[in-house]
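Consider the single chain below, provided in structure tokens and representing the form predicted alone.
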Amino acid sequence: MKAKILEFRQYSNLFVELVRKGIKLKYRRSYLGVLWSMIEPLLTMIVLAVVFGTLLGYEGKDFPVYILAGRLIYSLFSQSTTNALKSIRQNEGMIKKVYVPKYLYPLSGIVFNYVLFLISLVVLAVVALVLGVMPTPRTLLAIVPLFVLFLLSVGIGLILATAGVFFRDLEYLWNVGLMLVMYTCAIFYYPDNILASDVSWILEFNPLFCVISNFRSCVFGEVMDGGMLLYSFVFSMVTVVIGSVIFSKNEDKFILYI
């Protein structure tokens, strides 16, 4: 572990450049650029609030904030893990030419999405204030579920980055998997009925739902669910360990398959 930390410090400048490169490539041909990180979640929130608010009868003034908070967390997880999945193959030219710790590629793909996420939080703050959802001291605790989400993204990202080198079709399968995950995260509906039913495990055993639920609690100034927090943290730590082991055992083979 100490050797990895020293190695990361040695290549920290390169890591920063990889993060910058990820941001630039994401908006390379976009006229709006980083501004799109603020516009896109706002437009998505409006559409989902109108459609599902009408269909499901959710007329609460804070329903758009509920949707936006969930959508932002899901999008962060989705984009982070997808970028991690593609990271090794996208940097095959550099991998074949010079030695760089290969874990920097999926990690930078996750971190640059966190940078863009921080920008999109401005939209959440403005929408919340406009709709009367005022910040409280508990709002500051949102950093806790965000940290858990980072661990979860790193763990899943390392697993996907490794598997994606050997199984090229995994990218398409992961897109399908993300769609299934989205519907079990209660992004655009309230989970009360499901949690009170015999299929409550669909939500309770989804660590991303636990993260989203606790993040929403912080946004609305409520107490986080300790059970969900503990479960999602333990699950995330386990994925980090598994992902790290799988990645380190296979990284020397990457050059033969990319």
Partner chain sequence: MEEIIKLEHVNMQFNLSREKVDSVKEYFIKFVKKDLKYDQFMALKDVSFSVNKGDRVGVLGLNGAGKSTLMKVIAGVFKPTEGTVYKNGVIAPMIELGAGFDKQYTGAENIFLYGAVLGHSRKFMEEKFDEIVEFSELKEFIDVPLKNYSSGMRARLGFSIATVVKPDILILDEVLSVGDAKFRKKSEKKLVDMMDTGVTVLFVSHNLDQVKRICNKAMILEKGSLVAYGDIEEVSNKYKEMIE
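Residue numbers count along the first chain shown, from 1. Since this is a predicted model, take the numbers as computed values, not measurements.
Same protein, other form: the form predicted together with the partner chain, not shown, and the subject of what follows.
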Using a 4.5 Å heavy atom cut-off, which stretch among 180-188, 166-174, 80-88, 141-149 contacts the partner chain in the predicted complex?
166-174
Is the gap between K61 and the partner chain in the predicted complex 4.5 Å or less for some heavy atom pair?
no
Just checking whether M237 would be counted as a contact of the partner chain in the predicted complex - the rule being heavy atoms within 4.5 angstroms.
no
Would you classify F8 as touching the partner chain in the predicted complex, given a 4.5 Å non-hydrogen atom cut-off?
no
Applying a 4.5 Å heavy atom distance criterion, does L121 contact the partner chain in the predicted complex?
no
Taking only heavy atoms into account, state which residues of 243-258 are within 4.5 Å of the partner chain in the predicted complex, ordered by sequence.
D252, I255, L256, Y257
